[in-house]
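Presented below, as structure tokens, is a lone chain in the form predicted on its own.
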Amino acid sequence: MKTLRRYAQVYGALMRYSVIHEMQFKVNFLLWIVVECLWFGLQLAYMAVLYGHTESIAGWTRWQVVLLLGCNQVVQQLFHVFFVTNLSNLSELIRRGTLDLLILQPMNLRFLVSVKKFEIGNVANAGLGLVVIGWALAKLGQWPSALEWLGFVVVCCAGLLIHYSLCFMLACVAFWTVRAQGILWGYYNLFNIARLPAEAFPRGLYRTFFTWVLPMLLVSNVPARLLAGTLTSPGPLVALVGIAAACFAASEGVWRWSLRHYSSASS
């Protein structure tokens, strides 16, 4: 408990620093929120156009898909809040030699690399996703039970862990290539796939790949189906949690192997 309190205090200090730094550029902060909101609005408008010509897509009604968009928005924006900037910055830490200073700190190096910056602006955009989820549930005439909301939180956390672990492994490429930001942002752009129902894609290699290898569809679809009451078995929930644990274990192995190949800036 003492160790957890120490890490929580350090993380709290990092969060405060990030908020203070962001507030120095208030116009940029507000514009970022507006741009993200407009992009999310365009996604909703796109679905409105599609459902102006059909009643359902692969068995998903309009408001079920809006619910899916809201769930994807929450996971995507929280991923940005906690991890995206930090992982994309790993290559800069290596290139500039700043990683040497972090190695000397009396704390877990992976923790420092992963949470150094907190993107406060994306919290508002994640909140917008929650608003859309509530709106879609109201239109569906369904309100999940407390147990289903708890399950929603668990699967969203599992989804965040999956994205973090996979992105972290991609970031470790920087130990050999020095720059890896393009790879990471390429992964982040794959979130566009997650705004569609998995059933909308024909069975085959593409759907299997983005469900089980890069589980973009699994991470977004399971929370939406859980809240919509269309999840008929606990299998996808168990699979999501299991994949999250496996991905995290794999990322830890990749991280340790990468550190063994690291040559510091002073060597």
Partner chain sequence: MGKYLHVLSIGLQNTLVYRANFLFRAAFGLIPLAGTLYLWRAIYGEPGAGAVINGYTLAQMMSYYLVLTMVDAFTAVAEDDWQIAGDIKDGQISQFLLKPIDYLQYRLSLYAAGRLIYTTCALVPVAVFLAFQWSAVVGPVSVLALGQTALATLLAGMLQFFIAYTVALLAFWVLDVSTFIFTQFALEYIASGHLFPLDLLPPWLHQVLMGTPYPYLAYFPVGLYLGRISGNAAWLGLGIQIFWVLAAYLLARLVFRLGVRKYSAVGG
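If you're wondering where the values come from, they're calculated on a predicted model, not measured in any experiment. Residue numbers count along the first chain shown, from 1.
Keep in mind that the form predicted in complex with its partner chain is missing from the display, and what follows is about it.
Residues Met1, Tyr7 and Tyr17 are none of them found to lie within 4.5 Å of its partner chain in the predicted bound form, as judged by heavy atom distances.
Partner proximity in the predicted bound form, defined as non-hydrogen atoms within 4.5 angstroms of its partner chain, places exactly one of 88-96, 108-116, 152-160, 189-197 at the interface: 189-197. Proximity of Val241 to its partner chain in the predicted bound form falls outside the 4.5 Å heavy atom cutoff.
Although the partner is absent here, Tyr46 lies within 4.5 Å of its partner chain in the predicted bound form, judged by heavy atoms. Taking the partner from elsewhere, Ile183 is found to have a heavy atom lying within 4.5 Å of its partner chain in the predicted bound form. Contact annotation for Trp257: none of its heavy atoms lies within 4.5 Å of its partner chain in the predicted bound form. Contacts of stretch 17-39 with its partner chain in the predicted bound form, defined by any heavy atom lying within 4.5 Å, are made by Phe25, Asn28, Leu31, Trp32, Val35, Leu38, Trp39, listed in sequence order.
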